[in-house]
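Just one chain is shown here, as structure tokens, and it is the form predicted on its own.
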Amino acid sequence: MSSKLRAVCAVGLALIVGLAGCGKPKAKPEAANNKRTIVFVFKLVGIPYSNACQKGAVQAAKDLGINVEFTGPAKGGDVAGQIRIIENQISRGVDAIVISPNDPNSVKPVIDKAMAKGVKVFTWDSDAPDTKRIFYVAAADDVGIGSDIMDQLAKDMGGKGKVGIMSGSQGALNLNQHVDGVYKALKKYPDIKLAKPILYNNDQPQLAQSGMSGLLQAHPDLGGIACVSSPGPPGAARAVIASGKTGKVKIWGLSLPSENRRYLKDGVVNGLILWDPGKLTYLTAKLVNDYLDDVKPTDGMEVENIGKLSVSDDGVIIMPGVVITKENVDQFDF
């Protein structure tokens, strides 16, 4: 082949390669093809409260145009299972993880690990304050809501009698703070005595009912129960109905209106203090998404359909809550 012919062939080959390259653009890095991903890791999935939270996550994904996922262990109090789930999210390289810890101390190493790898970590519903979490979103002052529940209960008990306390997971910081609030308020009522032991239902409805049944047998003169986790009031209500003590044992607690509507209307449950879990999760997703865009929450800021937020120097954000009774329960659809 002559040198002239070789040159012509080389030019032709270069044109073919160049045209092939024009027809097939370079692949983008995988991260650029994905939306921002925020993952909520709850204490337990499959109960009405977590289902309500998940609805807020789904709505946030739609409104914010990002991926918002909701997950958690399938059984209550599963500390190891929750940590495994968080580890998986770190391995995936998601943008942010929002945790409601089963145990605040147990998640400290995994939060450290996530932050070191550039995965931002936040808490909501329950806090892990002595960690590197960026901020905590709550629907109430965790001690104050326990005190409010006890104050309402004491009023309905006429300031005297014997009262029990029911919580969920024994290691959850927010629930332990709710219990601390109940104890704090109890000091104001010298004629109200505590019926021991404290009941822990691990956020399981059946354990809430059976635990209450046992407390009623141990204390036939029980006058009331302060419940600081969602399955508590309906579980206590079923036990009170079965024992024939409707109206004699007052029930106040933290729970969903949908779980208690008929018990409230029938006078078995006296009242609830809560917030909309869907709105709490939606708000958290919005605040986290804003933070990832370098927009930080500020004290007194107004959020549409939520209200005015309280933001403290230690990174605790509180949204307004509500008192739910038979008179207003039909106003709530969660």
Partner chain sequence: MNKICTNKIPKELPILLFLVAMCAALAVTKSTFLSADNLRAMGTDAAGIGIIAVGMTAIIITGGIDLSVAAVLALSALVGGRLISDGMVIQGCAATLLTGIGCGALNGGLITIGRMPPIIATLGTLYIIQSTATLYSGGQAIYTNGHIALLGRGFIPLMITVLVFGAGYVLMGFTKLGRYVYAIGGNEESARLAGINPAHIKMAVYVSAGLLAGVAALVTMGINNTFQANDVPDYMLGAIAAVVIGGTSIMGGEGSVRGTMIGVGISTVLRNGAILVGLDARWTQAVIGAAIVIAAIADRLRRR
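If you're wondering where the values come from, they're calculated on a predicted model, not measured in any experiment. By rigid core we mean the largest C-alpha set that fits within 1.5 Å across both forms. Residue numbers count along the first chain shown, from 1.
Just so you know, the form predicted together with its partner chain exists too; it's not on screen, but the next bit is about it.
**Q** Taking the shortest heavy atom distance, is Gly46 within 4.5 Å of its partner chain in the predicted bound form?
**A** Yes, contact at 4.5 Å.
**Q** Residue-level contact is defined here as any heavy atom of the residue lying within 4.5 Å of its partner chain in the predicted bound form; does Arg262 satisfy this criterion?
**A** Heavy-atom contact with its partner chain at 4.5 Å: present for Arg262.
**Q** Flag Ile198 as yes or no: does it have a non-hydrogen atom within 4.5 angstroms of any non-hydrogen atom of its partner chain in the predicted bound form?
**A** Yes, contact at 4.5 Å.
**Q** Can you work out whether Arg238 and its partner chain are in contact in the predicted bound form, taking contact to mean some heavy atom pair no more than 4.5 Å apart?
**A** So Arg238 counts as contacting its partner chain.
**Q** With its partner chain left out here, work out from 156 to 164, 240 to 248, 135 to 143, 185 to 193 which stretch has heavy atoms within 4.5 Å of it in the predicted bound form.
**A** Contact criterion met by 240 to 248 only.
**Q** For Pro231, is the CA shift between this form and the one not shown at least 2 Å following rigid-core superposition?
**A** It does shift by 2 Å or more.
**Q** Does Val98 show a Cα shift reaching 2 Å between this form and the one not shown after rigid-core superposition?
**A** After core superposition, the C-alpha of Val98 moves less than 2 Å between this form and the one not shown.
**Q** Does the distance between the two CA positions of Thr246 reach 2 Å or more between this form and the one not shown, the core being superposed?
**A** Passes the 2 Å threshold, so yes.
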